[in-house]
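Consider the single chain below, provided in structure tokens and representing the form predicted alone.
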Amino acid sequence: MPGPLGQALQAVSRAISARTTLPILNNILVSATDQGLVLTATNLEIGIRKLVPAEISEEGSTTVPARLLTDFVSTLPDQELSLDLDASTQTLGLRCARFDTHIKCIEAEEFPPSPRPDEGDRLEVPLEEMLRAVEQTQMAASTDEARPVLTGVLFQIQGANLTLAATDGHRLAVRKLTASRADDIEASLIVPARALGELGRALKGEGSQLEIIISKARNQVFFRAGSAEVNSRLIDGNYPNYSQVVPTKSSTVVSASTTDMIQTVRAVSLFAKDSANVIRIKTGNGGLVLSATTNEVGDSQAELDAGLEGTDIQIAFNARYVLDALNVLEADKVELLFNGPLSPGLIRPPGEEDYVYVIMPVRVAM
């Protein structure tokens, strides 16, 4: 028992904020229901709920300190665990193998009620596709709270067409998906990137389909798969028109092995860490030359086999932004499209329209 319970506790406790001023939000709501043991945690922005199969002899609920319960259960042997609540003292008894433990709890009534999706708009997408789309876009969202809208990922929904877009002003990631089932919806939502980051942990392995429900008031979104749910407040505001940043023409197209490109950028960029992480890319002699220099550290240069169409180019980028894109491509080859050294570059799987990653160049002396 501690195995599935331990995993569920770790997943839901990710919703708990270390900076909360409300003691109850440091607790997990544990509810014994006819379906099994339901675990819920929230920081009032994001909520995570998981169901753990269990034999229930009496229904009831309480809230348990999240860190203590999660850490304790993770140390228990993989044997049957029994939980019983003394409602009069709000003490939870845990018995497993040689352990007999009692944890002081806070009454369930103190826990904030979970938002419910009411009669909101719904669409359904393959779960694995959505988790991949989140991975491919979320890293481009900003971490700067000064512009809240950019800390989210834009969800544009038009019927069965769903587009995810994220930008921090230096790069832009756009991924298109097709819903397997959808209401007739037209909506633009800004979902906090942090909430999306929890989908993989909370929903992985929970069936093949993900249901997305948008509350009627358009202020909450619910992601449901199997018996698990992640809900989040939406970010209020207007997302910038990102489509005008996506290059529509290119004078240089380079294609290379994704694995070779990742390995080369990773190695060469070690020499860029102390100089704004700038890596230079140059075409010529039927391939690519990647280089980085830091006066106090040294320099590195590497040649890479690549296909080349169009004019030669010398351009510079932030190496981390390049690696972020390469690491989520899931294609053997990568295509780099350029339109001069001062225009944004575009990274994508060859010939694909479903995923594009736009990156602004760095102005440096070549």
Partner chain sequence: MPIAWPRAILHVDLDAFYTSVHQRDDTSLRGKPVAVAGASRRAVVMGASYEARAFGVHSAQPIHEAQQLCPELVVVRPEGARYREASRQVHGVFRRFASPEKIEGVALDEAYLDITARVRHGTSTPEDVARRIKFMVHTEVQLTASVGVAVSKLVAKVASGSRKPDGLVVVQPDTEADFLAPFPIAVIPGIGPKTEERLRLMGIRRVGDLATYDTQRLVQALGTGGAVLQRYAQGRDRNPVDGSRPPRTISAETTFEHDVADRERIEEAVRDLSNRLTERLQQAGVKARTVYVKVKLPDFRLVSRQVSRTSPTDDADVIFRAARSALEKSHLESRPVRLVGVGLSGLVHPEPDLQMSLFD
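Numbering follows the first chain given and starts at 1. A quick note: this is a predicted structure, and the numbers were derived from the prediction, not measured.
Unshown form predicted together with the partner chain; subsequent notes refer to it.
- Scanning E109, E145, E186, D236 against the partner chain in the predicted bound form with a 4.5 Å heavy atom cut-off leaves one residue, E145.
- Only one of the listed residues (N318, T40, S300, S61) places a non-hydrogen atom within 4.5 angstroms of the partner chain in the predicted bound form, and that residue is N318.
- Stretch-level contact analysis of 220 to 228, 90 to 98, 168 to 176, 283 to 291 against the partner chain in the predicted bound form, using heavy atoms and a 4.5 Å limit, identifies 168 to 176.
- Not displayed here, the partner chain is kept clear of Q10 by more than 4.5 Å at the level of heavy atoms in the predicted bound form.
- Contact annotation: V253 falls outside 4.5 Å of the partner chain in the predicted bound form, judged by heavy atom distances.
- The partner chain is not drawn, but in the predicted bound form it has a heavy atom within 4.5 Å of L44.
- In the predicted bound form, at least one heavy atom of V358 sits within 4.5 Å of the partner chain.
- Of the residues in 298 to 317, none comes within 4.5 Å of the partner chain in the predicted bound form through any heavy atom.
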